[in-house]
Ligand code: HEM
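To begin, one chain is listed below as structure tokens, in the form predicted alone.
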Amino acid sequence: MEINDQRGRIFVSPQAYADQEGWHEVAAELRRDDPVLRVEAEGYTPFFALTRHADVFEVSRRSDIFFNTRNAVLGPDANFELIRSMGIDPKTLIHMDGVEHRDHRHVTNDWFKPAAVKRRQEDIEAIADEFADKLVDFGGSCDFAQDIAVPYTLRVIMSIFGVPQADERLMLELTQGIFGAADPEYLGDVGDPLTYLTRTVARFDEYFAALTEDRRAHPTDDLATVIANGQIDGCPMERHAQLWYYIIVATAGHDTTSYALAGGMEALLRQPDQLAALAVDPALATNAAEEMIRWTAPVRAFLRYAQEDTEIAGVPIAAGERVLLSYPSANRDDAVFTDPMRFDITRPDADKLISFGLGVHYCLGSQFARREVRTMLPKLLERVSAIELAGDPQWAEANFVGGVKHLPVTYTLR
């Protein structure tokens, strides 16, 4: 791939994110020397990569100037053109702005408010217990990412959604088909990421069309019922937007949190003293969850589009140009975080993380993500007297949502 500045490769290449140490070395250099880097890569509309916390914060706050659009996720221009020619045109909350975004977000907003999420703590506790108990079944070793983090976070979001446990394997396959389409491991025999993606969307459509019909005929106390019966301006939600509403809740509500938990656990295992401190004082789990989400930043980036001529850190940005908000880089900015490359569950500034975004596009599921992580940590440490890495972790090759996809561990049960 031809690119005007090879440092810009860390934002474009899915493979670059699989090398976290190398990725953050380049990001640190950019924060210091070129915090608003113009990236011109073959096959991509040029963009400005923002790596400093202050700039990501300001653009996120200024939703009046910087809009989300249907191209809010970074990818080759030809891919977007091709999938749209095949009838796939994602329309989720991350692809909307203004009144349209406000009205669609309002459909489910009450379900994600702190008080509403808190009422589900007992359910989250029960699910965490169920999956922590599986450590006994695994007999002293497992892939923590695939055996614990993934199915646990999937069960939580599907229980909220109202999807039966019997369909969880299908949902896992489909969510990986959306966010993992660029990763060779998930492609299997399909080979082509776009073919894999289009097949996945078609299967999602079939499943959720049936679910919508059922929830309209037999409404229940679940999120699927809310979406199935959601209205915009007094009219039923348009079917295309409804499908993608289901998809974004199923995917973003699952993959991001599993990556935060698995990647955070890797960091804990590399800091045995912090792991021991957490075992002694479970109350540390609340701040530990913040630090794990800061450290992992599972959502890699979003694009915003300037609606008028402006500037960022003295760099002119013309109307119509786009900027990339790099959350992993912003979360390691030493202008905001003390010793940012150190993982520390007692970090006093962990709450300054920007993994969930900011402003009108602040992540709807942030409260669930926090609760899932901080609930699971004490459950695990109640059951093991020792746990350590049993091999090298593997990171997903993905430049939108990614993290640790395999985390081999060995442990001793209490």
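Worth saying up front: this structure is predicted, and the values here are computed from it rather than measured. Just count from 1 along the sequence shown to find any residue number.
There is also a form predicted together with protoporphyrin IX containing FE (HEM); it is not shown, and the following applies to it.
4.5 Å heavy atom contact, V360 and protoporphyrin IX containing FE (HEM) in the predicted bound form: Result yes; V360 sits at the interface with protoporphyrin IX containing FE (HEM) in the predicted bound form.
4.5 angstroms heavy atom contact with protoporphyrin IX containing FE (HEM) in the predicted bound form for H101: Taking the distances in the predicted bound form, the answer for H101 is yes, it comes within 4.5 Å of protoporphyrin IX containing FE (HEM).
Contact test in the predicted bound form: V299 vs protoporphyrin IX containing FE (HEM), heavy atoms, 4.5 Å: Yes, V299 lies within 4.5 Å of protoporphyrin IX containing FE (HEM) in the predicted bound form.
4.5 Å heavy atom contact, S355 and protoporphyrin IX containing FE (HEM) in the predicted bound form: Yes, S355 sits close enough to protoporphyrin IX containing FE (HEM) in the predicted bound form that at least one of its heavy atoms falls within 4.5 Å.
Every residue of F112, I248 and T257 near protoporphyrin IX containing FE (HEM) in the predicted bound form, heavy atom within 4.5 Å: Affirmative, all three are within 4.5 Å.
Candidate stretches 363-371, 34-42, 342-350, 381-389, one within 4.5 Å of protoporphyrin IX containing FE (HEM) in the predicted bound form by heavy atom: Among the listed stretches, the partner-contacting one is 363-371.
Among the candidates A262, A228, L268, I293, the residue which, in the predicted bound form, approaches protoporphyrin IX containing FE (HEM) to within 4.5 Å (heavy atoms): The residue in contact is I293.
The unique member of A252, A288, A145, L154 whose heavy atoms fall within 4.5 Å of protoporphyrin IX containing FE (HEM) in the predicted bound form: Of the listed residues, the single hit is A252.
Heavy atom contacts to protoporphyrin IX containing FE (HEM) in the predicted bound form at 4.5 Å, residues of 314-340 in sequence order: The one in contact is Y327.
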